[in-house]
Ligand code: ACO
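Shown here is one chain on its own, the form predicted alone, set out as structure tokens.
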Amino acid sequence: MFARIAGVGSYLPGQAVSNDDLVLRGIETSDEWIVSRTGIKARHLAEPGQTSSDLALEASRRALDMAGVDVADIDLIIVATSTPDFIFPSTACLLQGKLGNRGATAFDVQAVCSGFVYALTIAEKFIRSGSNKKALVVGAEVFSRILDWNDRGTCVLFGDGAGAVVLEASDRPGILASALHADGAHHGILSVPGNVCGGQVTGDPFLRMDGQAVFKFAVRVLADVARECCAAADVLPADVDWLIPHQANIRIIEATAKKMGLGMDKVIVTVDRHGNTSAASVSLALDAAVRDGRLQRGQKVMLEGVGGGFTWGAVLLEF
């Protein structure tokens, strides 16, 4: 028993907010500064009251439609998010209710920007065990809710969005290899160090990041975990048709591709359109590559993410 991707979908809320739009909102920055350092030209921001499960619903419907799968046939729902609708119930259960599915196993995964890769790997294990046949795997975030809009070093980097895949049992290999890692010793370089206690916010409720430390860590582990997946599947990095990394920063993406010996013509880049959407970013880029015709059936694709925790991981698959 193997697991293959049957359909993909994504959703970005509202109109694109350009770098110049942020300047007009009073943020002390510039289009040149943001683009030259990150490659980001725009991002999408959820409307007040629009939640991660709302974004996940739209992306899921599009993935189910592409796969030709009825929502009633989904028996596993995993949502990767760091910005859930509530403390509980899980965003996956809320999504399940909005979809009208009844009875599927449903739960969230919290691995920040590695979340979608973690969730996809977990879903594949469920399917290969024989316990499930059709899984809906979603990355959904409303990171705009945890940004300090007075911190120009972080608020310009992130956006909101969702991406989804339908993963089904198959007699042909789809996911060829996966690898997941974490090292909690590095938790301080990217975190939201706050909480709710007794109805009050304790600590700092906003995203805080040591950008230089994150950059160095990300470049090292992304290249390493990609090579680990290739070795596990007995595939040379040069034989990978497409690299779809976490869409955080164009410099990280370029450095990772260089370490793997891949030209940028083999890398899917969408960070310029939506910024860093955390757990949604890999699935957003995957959907874009499928729908614009670059990614074709039978090609080998490396998905990889790195995020706060610190967590990182990769999935090598044949689409």
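We number the residues from 1 along the sequence you see. Here the structure is a predicted model, which means the values were calculated and not measured.
The following text describes the form predicted in complex with the ligand, which does not appear among the structures shown.
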Single option in V240, L157, V192, C93 placed near the ligand in the model of the complex, where near means a heavy atom within 4.5 Å: L157
Using heavy atoms only and a 4.5 Å cut-off, determine which of G153, P89, P173, P205 is in contact with the ligand in the model of the complex. G153
With the partner absent here, would G211, R251 and G307 each sit within 4.5 Å of the ligand in the model of the complex, counting heavy atoms only? yes
Proximity of C113 to the ligand in the model of the complex, heavy atoms at 4.5 Å: yes
Heavy atom of T29 within 4.5 Å of the ligand in the model of the complex: yes
Quick check on R291: any heavy atom within 4.5 Å of the ligand in the model of the complex? no
Residue-level question: is F107 within 4.5 Å of the ligand in the model of the complex, judged on heavy atoms? no
Exactly one stretch in 116-124, 180-188, 157-165, 132-140 has heavy atoms within 4.5 Å of the ligand in the model of the complex; which is it? 157-165
Taking the ligand in the model of the complex and a 4.5 Å non-hydrogen atom cutoff, the residues of 47-82 making contact are none
